[in-house]
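As structure tokens, the next two blocks hold two forms of the same chain, structure 1 and structure 2.
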Structure 1
Amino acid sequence: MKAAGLIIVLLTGGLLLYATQDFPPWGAPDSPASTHVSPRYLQKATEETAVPNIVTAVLADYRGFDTMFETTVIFCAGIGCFVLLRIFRQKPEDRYYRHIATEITLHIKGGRLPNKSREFERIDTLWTPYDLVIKTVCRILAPFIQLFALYVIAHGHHSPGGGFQGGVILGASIILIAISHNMRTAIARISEKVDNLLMAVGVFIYAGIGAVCVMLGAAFLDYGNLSVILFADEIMARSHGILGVEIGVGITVMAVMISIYNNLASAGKQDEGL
């Protein structure tokens, strides 16, 4: 079986390489890829969409429909992880609490103490020592990371970036909090319910903007027609439409990152984890 697999892989690779001999030379200016569709993007994207970054214009406008489904794929991944990993029925477990004033740790069977208490603080069963430096640095860094993420999303029209990258950075900032403190601290910032709602809200914004275009009588995702409600001319409306969908993408990507991390790290219990 292994030998057969090897032979198939070699054959496939050989076929792939053999077929490349007919390819136009790499980066050739007269190759079909650079003479057929792309010239129009290069020449007209900026004047048609008011977006200097042509990659953004192609991804979010000319082929915005694909990008919507790519966001949907990410949403599917989040929902898939939730469906497969999340465990709702839990046996009561042992829990550890630290008395804040005296730093004495209590081991309680069955988890009877309230989660929130002034005197006691819950700590993970796999307790890691309290580290002031890491916690403080991460807490100070997080807002700046988030600010940068917002910049990446908003500046996608001009520089490399956009919803996917910005969303990943946003999600990473929350995951950083979860890693440096503990998962409960991160979940206290963005609860599971809010996170799951955000997952759907982001893609809904994207598809919703497209649907608004249909309601205004244009084709799906034809942002030009948003000029009626955005008080801008058609080209600026396209630019704003692109920003709108990028924000949607950013929200979904962030929420999915957090959801997948929480479910994986806590083995679906969303209780305590790395």
Structure 2
Amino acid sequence: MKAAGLIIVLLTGGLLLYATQDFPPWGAPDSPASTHVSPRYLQKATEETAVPNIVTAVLADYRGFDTMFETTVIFCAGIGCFVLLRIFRQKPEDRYYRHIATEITLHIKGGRLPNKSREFERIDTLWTPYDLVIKTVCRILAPFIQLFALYVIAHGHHSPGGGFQGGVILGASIILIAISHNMRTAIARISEKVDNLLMAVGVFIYAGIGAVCVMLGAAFLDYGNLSVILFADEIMARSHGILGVEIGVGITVMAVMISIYNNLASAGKQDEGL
């Protein structure tokens, strides 16, 4: 089976490399992209979309299909890691609890204490005392990191940023909580079910905006016709449409990052880990 998989990968790679022979040389000034496409985008992007950040205009408008499938690939990566790594049926394992007042550690075989016990807190199997300074600083920083991530998503029209970058920053803020505290604390903020749902919601928002464009009589992801429901002219409607799909991208990227980290760090148990 492994040999068959290796052969398929080599054949696919060879086919892709063979197909690149028809591409123009790297950076060739007379290639179609340099003579027609790029100048068109540079000259017309701001005028047609009201988005000063041409990169965002190209990614979310002119190349909206490409970006939608990039988001779908990220979604599939998250689902793939979930299917391969997640372990649902877990054997009863030993658990460790620390008595908060006396710092005495209890080792309970095959059982558990109430999760919301005020006298005891559950600790990881390989536990080292938390650093109060690190925990406090990370807890204070996390909201500001998330606020900056929302700014990166919302302001991607006018400055470097967008859904991919903002989603990564949002996901990193939750992972920071998992590292500085523990995984259970991070999962308490965004549960596994919510996270998995958000992975699909982001793609749904992106594709849904395209579907709304079709229902309004335009082509898929042709945001201009959104002006009917956004009460704006067609150019501003394209700008708002770009913002909508960027929000969808940000949600999916954030949720996939958190899901992959939780499954990798906990070996699929979503219980404890780095």
Partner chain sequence: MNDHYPALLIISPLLFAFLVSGMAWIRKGLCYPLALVGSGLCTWFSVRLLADVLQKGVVQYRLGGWETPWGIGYHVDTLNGMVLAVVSVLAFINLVATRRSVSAEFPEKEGAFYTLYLLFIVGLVGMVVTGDLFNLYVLLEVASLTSYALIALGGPRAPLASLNYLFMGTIGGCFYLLGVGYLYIMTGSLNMADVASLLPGIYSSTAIWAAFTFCMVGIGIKMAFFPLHGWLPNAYTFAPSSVSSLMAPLMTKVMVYVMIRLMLSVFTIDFTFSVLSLGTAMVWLSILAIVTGALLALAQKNLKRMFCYIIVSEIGYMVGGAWLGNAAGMTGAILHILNDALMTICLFLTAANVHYRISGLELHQLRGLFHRMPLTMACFVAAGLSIIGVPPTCGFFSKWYLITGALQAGQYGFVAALLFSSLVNVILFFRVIEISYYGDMQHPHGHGSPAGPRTEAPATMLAPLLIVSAGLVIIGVYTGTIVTTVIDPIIPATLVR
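We call the rigid core whatever largest set of C-alpha positions still superposes within 1.5 Å between the two forms. The structure displayed is predicted, hence computed values, not measured ones. Residue 1 is the first residue of structure 1, and the numbers go on in sequence order from there.
Between structures 1 and 2, only structure 1 derives from the form predicted in complex with the partner chain. Hinge assignment between the two structures, with options 140, 102, 37, 83: the rigid parts meet at 37. Rigid-body analysis between the two structures: the smaller part rotates 34° against the larger, C-alpha superposition. Once the rigid core is matched between the two structures, the CA atom of residue 15 is found 15.5 Å away. CA movement of residue 33 between the two structures equals 3.7 Å, with the two forms superposed on the rigid core.
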